[in-house]
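The chain below stands alone and is given in structure tokens; this is the form predicted on its own.
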């Protein structure tokens, strides 16, 4: 039995070696590249723009709030490494009208040249129990988190295919890898990005265009602070099982993975485990990555069961506390 398992692993490695030239893209050079970041006025998006600017890229920031865009532009320009670098700002809601998004991308390309890398970071989160979230919020989250990424990506992908180069990044979330209490509206909008990314990667890979899906954990951003205002107790307690990341740290990981053309981008040990555990039929970029997924799947599933048991315990305890409070109030 052990010999059979060993033979299978060897055959798998050999197969990966055979196809490795097809799945290992050349790194994208950011010096002089045009990088578009949606949701780039704050949080992870702004930090990604800074990270790219430090490498010599030209930046187009896209967001709704014009005053925040102007402030972000000033912050980013401090990190210039040469006098030629430019940061331009475009105020638009990427989730509303595809033609409008297409037009602003064209304007950006006229000023800074074809888009070499698009980072879809525009997004929002709403936490609450399924029956408490307003029904219109389900639509709104799909518009912002999913369609906003579709529109911006659609506006650049044809040119990338023509040029036989490009990167498209979808910033999802760890809540886009597993569904958690309080995220019945948010998680599906982030899960949808994974399906889009897998299908799109298969279409554009022959054209040397590579897709990256980033799954950041809870990150200390203005959006996270806003989300916490409505977050149920159960969700807060579950979130506390992992540490809060800084946006600069997350941005460095995302930019590094995007440059390399990695399909998955995760942060920390929990992120690595989740990405391996939920890899499914997602593309691999290196032989090592595929082999690690095969070897660690069973172990990570075992660890995940302990996590799930812990989360279920939190939900049950909170439910019992609510019931006890309700009974006490009725008695009074």
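Predicted, not measured: the structure shown is a model, and the values here were computed from it. Residue numbers count along the first chain shown, from 1.
Just so it is clear, the following notes concern the form predicted in complex with a small molecule, a form of the same protein that is not shown.
J.: Have a look at 260-268, 63-71, 286-294, 27-35 and name the one stretch with heavy atoms inside 4.5 Å of the small molecule in the model of the complex.
T.: Among the listed stretches, the partner-contacting one is 63-71.
J.: Considering only heavy atoms, tell me if residue 218 and the small molecule come within 4.5 Å of each other in the model of the complex.
T.: Because a heavy atom of residue 218 falls inside 4.5 Å of the small molecule in the model of the complex, the answer is yes.
J.: Can you tell me whether residue 95 touches the small molecule? I mean in the model of the complex, with a 4.5 angstroms heavy atom cut-off.
T.: Contact with the small molecule, yes.
J.: Can you work out whether residue 163 and the small molecule are in contact in the model of the complex, taking contact to mean some heavy atom pair no more than 4.5 Å apart?
T.: Flag for residue 163 set to no.
J.: Please check if residue 194 has a heavy atom lying within 4.5 Å of any heavy atom of the small molecule in the model of the complex.
T.: Residue 194: no contact with the small molecule in the model of the complex.
J.: Name the residue from 152, 121, 255, 117 that puts a heavy atom within 4.5 Å of the small molecule in the model of the complex.
T.: It is 121.
J.: All three of 49, 85 and 108 touching the small molecule in the model of the complex at 4.5 Å, heavy atom to heavy atom?
T.: None of them does, since no heavy atom lies within 4.5 Å of the partner.
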